[in-house]
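Below sits a lone chain in C-alpha cells, taken as the form predicted alone.
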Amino acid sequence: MPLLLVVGIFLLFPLANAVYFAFVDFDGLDPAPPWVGLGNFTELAQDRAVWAAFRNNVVWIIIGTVAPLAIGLWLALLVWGVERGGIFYRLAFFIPYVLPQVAVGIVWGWIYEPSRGWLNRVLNAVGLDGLATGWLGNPNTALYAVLFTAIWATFGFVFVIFLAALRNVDMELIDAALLDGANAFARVRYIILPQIMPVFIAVTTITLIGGFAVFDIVFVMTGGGPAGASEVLGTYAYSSAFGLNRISYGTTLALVITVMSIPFAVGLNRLQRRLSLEGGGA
C-alpha cells in the first residue's frame, strides 16, 4: 500500500496532470483553460521547429550514446590492467561527471569563446587558425560543440561502471585466450564483452534515455541557438512553456518526449534482465 501511494503521488498524479494540460490551452493564468482536444498534438506534428529539434535529438542520442560507451570502455580496459595509480585515474575521469552541469557549461563556454577561448588560441598556435571559429555562435558547430562537452562530462560515469564490471570477468578465460593467441580485439569481443553485457546494456539505457531528456547543458551553453541550430526537444518545450506562456504546448511536447523514450527503456531493460538471468556475466 505505501508503494502504491508513492507511485500515485510521484508518478500517476504528475502524469495525469500533464495529460490534462495536453488537451487544453493553458497559458499559465487562465483558471479555466479551454478544451482543445488533439489541437496541441496536431500543431506539434506540423511545427517545423519541432522536427528540427527532433533531428538534433537523434544526432545527440546516436553520438551521445556511442561516444561515452566507446571512450568509457576503452579507458576502463586501460586502467583495468594498471597496478598502481588506479584510484588517481578513477578520480580524474569521474570528477567531470559530478560537476554541476551549469558549471561545466560555463567553463566550456569560455573555452569555446571566439577571441579569448583556449580552443581557438591552441588552433592558432599550431597553425590551424583556419579551423578557428565561434564554436557556439556558428550554426554548423554549435550542436556538436555542446555535444562534445556533454560527452566529456559523461564518459567518466561509464568508465567507473565498466571498470567495476571488469573486476568480475573470469581471468582464466582471458589467460586461455592469451595462450591461444587471441589479440586484444578478439579478447574484448568474444570474452570480455559477453561477460559484462548486462552492465553494458544498463549503461547504454541510461545514456540513451539521457539523449531524449537532454536539456540543461544545451540551455546553459546556447539556449538552443543560434537560430535554433542546437535546439533540442527539451529546450524547445521549455521556451514554448515559459518563454511564450504556452504551458499546454510545452507540456504536450514533454509528454511526447516521454512516450518516445519508453519503448527504448523497456526494451533495453528486458534485454538486460534476460541476459542477467541467463548468466551473461557481471
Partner chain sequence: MRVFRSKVLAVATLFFVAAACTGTTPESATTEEDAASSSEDVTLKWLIEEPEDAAALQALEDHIAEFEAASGITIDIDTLPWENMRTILQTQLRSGDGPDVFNWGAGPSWGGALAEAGMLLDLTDAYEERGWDVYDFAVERVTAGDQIYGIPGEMEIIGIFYNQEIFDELGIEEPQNLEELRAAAETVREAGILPMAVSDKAGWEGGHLLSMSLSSNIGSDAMEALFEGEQSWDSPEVVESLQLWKDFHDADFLPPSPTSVDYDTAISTFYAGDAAMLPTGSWLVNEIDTNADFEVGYFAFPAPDGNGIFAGGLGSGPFVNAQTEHPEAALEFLDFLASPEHAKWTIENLGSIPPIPTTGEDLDVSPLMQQVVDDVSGFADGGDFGYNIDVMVGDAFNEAMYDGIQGLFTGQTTAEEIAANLAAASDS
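What you see is a predicted model, and the numbers here were worked out from it, not measured in a lab. Numbering follows the first chain given and starts at 1.
One more form of this protein, predicted together with its partner chain, exists but is not displayed; see below.
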- Does its partner chain come within 4.5 Å of a heavy atom in each of Ile247, Ala265 and Asn269 in the predicted bound form? yes
- Message: I'd like to check something about Pro34: if you look in the predicted bound form, is any of its heavy atoms closer than or equal to 4.5 Å to a heavy atom of its partner chain?
- Response: no
- Message: Given that its partner chain is not shown alongside this chain, does Pro226 nevertheless sit within 4.5 Å of it in the predicted bound form, heavy atom to heavy atom?
- Response: yes
- Query: Within a 4.5 Å heavy atom cut-off, is Trp51 in contact with its partner chain in the predicted bound form?
  - Reply: no
- Message: Can you tell me if Ala45 lies within 4.5 angstroms of its partner chain in the predicted bound form, counting non-hydrogen atoms only?
- Response: no
- Tell me which of 67 to 75, 149 to 157, 208 to 216, 187 to 195 has residues with heavy atoms within 4.5 angstroms of its partner chain in the predicted bound form? 208 to 216
- Across 114 to 143, the residues having a non-hydrogen atom within 4.5 Å of its partner chain in the predicted bound form turn out to be Pro114, Arg116, Gly134, Trp135, Leu136, Gly137, Asn138, Pro139
